[in-house]
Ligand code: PGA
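Below you will find one chain, with nothing else, as C-alpha cells; this is the form predicted on its own, and questions on how it binds or moves follow later.
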C-alpha cells in the first residue's frame, strides 16, 4: 500500500506565486517510495506541469465535472485535466459538499469519470461539528463511502478523511479521534490508502504519522509554503520508514 502526501492549494496564488512556490518545491522535494502531489487551481495547471514534469512531484486538480464536453459553462472536464498533465483529482472535498451543495450522487459520478479517464481520485469524506456532536459521525462517514464509491473499483481510489470542523481552523482532530475513524474506514476500502486532512502542520505531522491506518496527508494551508510542506513530508517519512533521497 503506497503512502501519499498531497497539497491542496485551494483558491490561493496568482500564476507568478504558484510558479515560484512550485519551483522551490521541485528543487528541494526529492523522495523515493512516496507519492507527492500538488493540487492547484485550474488556471495554474499547465504552467505547473512544465515545472513538475519528470520530477518527484505529480500534478493534481481540485475538482472536475464528470462529462467529457458539452454545454457546462464554468466546468472543467477530465479530458482537459489529462491534457495538462494531471494524474490526480480531488473529489468531494467538504468545501464542494457544503459550499457548492455537491451531493453523494454527483460525487459518485465524478469518481467514476475520473477513473474512466485514468485520473486517480482523492475521494474526501468527513463529518461536520454538528454531526459529531449528535453522535452521527460514523453513520455520516459510512453513507459517504457507500454512496460516493458505489459501483467503483476502489483499487484506483485514494480516500482522505477530513473532519470538516478541523479544516482551516488550526485545530487538528486528536490522535484518538483520527485513529478510531481510520480504523472504522479501513474495512470499507480494503488496502486503499487513507489520508488525513485537517490542520496538518510541521509541528503535528510526526505525531499524526504514528497512526497505524494513516497512509499520508491532504495538506491545506501548510502546503502554501514550500519549506513547511517539505518539513511535513520529512516528518511523515521519518515515522513511516520511507527513504528520503
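No experiment lies behind these values; they were computed from the predicted model shown. Numbering follows the first chain given and starts at 1.
One more form of this protein, predicted in complex with this ligand, exists but is not displayed; see below.
- Only one of 166, 149, 159, 81 comes within 4.5 Å of this ligand in the predicted complex through a heavy atom, and that residue is 166.
- Residue contact with this ligand in the predicted complex: residue 199 places a heavy atom within 4.5 Å of it.
- In the predicted complex, this ligand sits within 4.5 Å of a heavy atom belonging to residue 95.
- Within this chain, residue 219 lines the site of this ligand in the predicted complex, having a heavy atom no more than 4.5 Å away.
- For the chain shown alone, residue 10 is a contact residue for this ligand in the predicted complex, at least one non-hydrogen atom being within 4.5 angstroms.
- The stretch in contact with this ligand in the predicted complex, judged by heavy atoms within 4.5 Å, is 87-95, chosen from 128-136, 87-95, 71-79, 109-117.
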